[in-house]
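The data below hold one chain only, encoded as structure tokens and taken in the form predicted alone.
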Amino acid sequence: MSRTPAYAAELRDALTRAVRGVGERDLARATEALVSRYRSVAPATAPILASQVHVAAYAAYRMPATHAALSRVLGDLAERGLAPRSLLDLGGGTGAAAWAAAGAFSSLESVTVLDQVEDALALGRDLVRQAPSEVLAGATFARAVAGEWPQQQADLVTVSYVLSELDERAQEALVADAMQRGRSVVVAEPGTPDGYARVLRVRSAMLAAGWTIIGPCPHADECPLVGSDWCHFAARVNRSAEHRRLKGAELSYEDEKFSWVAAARPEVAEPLAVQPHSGRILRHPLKRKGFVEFHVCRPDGTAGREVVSKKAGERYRAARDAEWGDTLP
């Protein structure tokens, strides 16, 4: 996976410009309200982005992390050969997935972001006004309500950090809508046990529909972590000064934890480099003198310890550079 999200610096600059002029106290209060909401696992009973200030706070507080997570996910799929020409982002808000897709796929020709909050869409349009790519600068941000999405088709449909706001029936409907409109679908959620549980339900629905899992799983069997652990990954986020102020943080970075699943129609998945491979690294590798120890999910449907020793030569050198979330060299 890509280590540094493309366009991350440009997005930070755009966000800094976008929140300029919003009162710092109002921004801080709105951020506190959003933090409280996102820590809840209950479906939302009212719009989360209820005002322009809440939208600005969301963009400054959450958008860099969502962009970093989606950049890792879409970068992984790009390395496997996925090359969508069109992106449809359902519930995409201010456009984090659009920025990530534009950075991951040189093949991309059109981007459409749909959301029900006009203030979020307006900010999304403002952020891409000086975007570093033509396809991103020309992205369409349009209002649409879940369950009433336009019948638009796309090579790739993304649903990121949305399911937690919905009850289970609405989650199922949204995933069905995404699969109806896309040739491939990516769903990302917070890297928590409940986020992982939602991703597992999505994975089951994709397999039941006859789609092929293209990430992160190296197999289509039951997840070997069920009942003992949960599958999640991390993306490094470099914080701007504004980001640090909003979060009351001192460090210049944070690690965004996320869970995800991607699948494609069989005719799309067949030419991709998806299976078999040597496994997915599930935790930070332990790098010792003369060997590297990994915890991996394997193509045979099991998970466990793998060790690559110095005797493995080139594989060992690749193992020294491998990170959590990568495929095992």
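Everything quoted here is computed from the prediction, not taken from an experiment. Numbering starts at 1 and follows the sequence shown.
Quick note: we don't show the form predicted together with a small molecule, though the next part is all about it.
Enquirer: Would you kindly say which of Leu127, Ala102, Ala96, Val157 lies with a heavy atom within 4.5 Å of the small molecule in the predicted complex?
Expert: None of the others qualify; the residue that does is Ala96.
Enquirer: So the small molecule isn't shown here. In the predicted complex, which residue out of Asp76, Glu256, Asp119, Asp115 has a non-hydrogen atom within 4.5 Å of it?
Expert: Checking each option against the small molecule in the predicted complex, the one that comes within 4.5 Å is Asp115.
Enquirer: Is there any non-hydrogen atom of Asp177 lying within 4.5 Å of the small molecule in the predicted complex?
Expert: No, Asp177 sits far enough from the small molecule in the predicted complex that none of its heavy atoms falls within 4.5 Å.
Enquirer: Would Gly92 sit within 4.5 Å of the small molecule in the predicted complex, counting heavy atoms only?
Expert: Gly92: yes, in contact with the small molecule in the predicted complex.
Enquirer: Val268 near the small molecule in the predicted complex, any heavy atom under 4.5 Å?
Expert: Output for Val268 is no: heavy atoms all beyond 4.5 Å of the small molecule.
Enquirer: Quick one: is Ala234 in contact with the small molecule in the predicted complex, heavy atoms, 4.5 Å cut-off?
Expert: Ala234: no, not in contact with the small molecule in the predicted complex.
Enquirer: So which stretch, 143-151, 104-112, 202-210, 215-223, is the one near the small molecule in the predicted complex (non-hydrogen atoms, 4.5 Å)?
Expert: That would be 143-151.
Enquirer: Looking in the predicted complex, is the small molecule within 4.5 Å of a heavy atom from each of Leu49, Tyr58 and Glu165?
Expert: Every residue of the spot touches the small molecule in the predicted complex.
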